[in-house]
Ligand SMILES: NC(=O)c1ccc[n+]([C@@H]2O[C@H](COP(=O)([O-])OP(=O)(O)OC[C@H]3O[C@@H](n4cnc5c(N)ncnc54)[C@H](OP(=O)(O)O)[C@@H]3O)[C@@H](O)[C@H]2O)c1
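Coming up is one lone chain in C-alpha cells, specifically the form predicted on its own.
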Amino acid sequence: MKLKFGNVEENVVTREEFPLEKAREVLKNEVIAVLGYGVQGPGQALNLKDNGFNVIVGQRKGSKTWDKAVADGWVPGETLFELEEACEKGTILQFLLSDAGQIALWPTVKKHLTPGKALYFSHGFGVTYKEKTGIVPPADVDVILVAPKGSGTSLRRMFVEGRGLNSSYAIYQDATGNAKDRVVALGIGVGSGYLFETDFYREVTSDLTGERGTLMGAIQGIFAAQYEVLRANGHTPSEAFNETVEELTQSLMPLVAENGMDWMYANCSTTAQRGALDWWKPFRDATKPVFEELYDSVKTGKEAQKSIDSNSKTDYREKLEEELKELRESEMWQAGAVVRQLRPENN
C-alpha cells in the first residue's frame, strides 16, 4: 500500500496485507540458510524458525558462535552446518556475516548460487561497494534485502514480546519473477513490524550515516560533551550521568517513541519546554555541518573503505576491544554502571 510520510508518498507492506500465513505459503518449498550467527543471524534465524519456516544455520565449526547456535537449539548435522554445506543446501542464502566476513566467504557463496536461488542481505554494503568488495552476484539469481532497523538482539526481544521491528526491503535483481514475494515473505518471517521500500544504495548510505550519527556516534559524542561540562563545573558523577543519560533513556525517549517529540515536550515542565524550544535549533545549526561532512564521507565511499581496511586486519577484534574498553572504563560509563545497579528493578 502507499502511505504518506509527511507530504511524501511511500510504498509500505503491513502484516495485515501480507499475513504470516501468506508468507509461509510463498516460502513453503524453500530452505532458508542463515549464513553467520553473530549480530543479525540469531534473531532472524530464531524468528523464522518460530514462525514455522524451514531454516538451517551455517557457521564455522568450533567457533564461539557455533557453540551459541547449539545452545540456541540448532542441531549439528540437522539444522546446523558448516558454511559451505549450508550454502549448498539452501535455496535462499541469507548472507549475514560481517561486511569483511562477506568479502572473505564470497567465492564459496558464489559457487553455490545456482540458477533460481536467492541471495539475501540485511545491509546493502557488499553489493553497493562491489568495486571494493568483489561481490557481484550472478545474473540468474534473485538478489534481495531486508534490513531490520535495529540490532539482532532487539529484533529477537521484540518478537518474543509479540512486537515487531520495522524493516526496509529492496530488490537488486529479480531473476525469477518472484523476488518481490520472496523478500516480503522473508521480511514478515523475521518479525518485521512493517516493511518500507528502499534500494541497496539508499539503505547503505542512510545506515552508515545513522550509525555514525545520531544512533551511535553522535549520541556518544553529545553525551560525553555535556557530561564533561557538568563535571568541570562541580557536578558529581552521579548527577552528571543522571542529567545526561539516565533521564533521557529511562524517562524521555520512551515518551518520544510513544507519540513524538512534541508529546515528550508537552509532558515536561514549562521551564524545560522553554529551554528545549530555544536551544534545539542552535544545536541543529552547530551539528549540521558535521552531518554533511559525514554524509559526504559515506557517499564517496571513504567510510566503506575505512570499514573494509579496519575490519579485515587480523588484530581487528583486539583493537576493537581496546576501544570499547576505553568507553567502558570512562568515568561517565563507570558512573552509569552504578546507576543501573541502583534501578529498582535490579534490587
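The structure displayed is predicted, hence computed values, not measured ones. From 1 onward, residues are counted along the sequence shown.
The same protein also has a form predicted in complex with this ligand, omitted here; what follows describes it.
Interface residue remark: A104 is counted as part of the site for this ligand in the model of the complex, having a heavy atom within 4.5 Å.
Contact annotation for R231: none of its heavy atoms lies within 4.5 Å of this ligand in the model of the complex.
In the model of the complex, this ligand sits within 4.5 Å of a heavy atom belonging to Q40. This ligand is not drawn, but in the model of the complex it has no heavy atom within 4.5 Å of S168. The partner is absent here, but in the model of the complex a heavy atom of R317, alone among K28, K302, R317, R284, sits within 4.5 Å of this ligand.
Only one of the listed residues (R212, R182, R156, H123) places a non-hydrogen atom within 4.5 angstroms of this ligand in the model of the complex, and that residue is H123.
Proximity to this ligand in the model of the complex, taken as heavy atoms within 4.5 Å, picks out 146-154 from the listed stretches 246-254, 271-279, 187-195, 146-154. Along 10-26, not one residue places a heavy atom within 4.5 Å of this ligand in the model of the complex.
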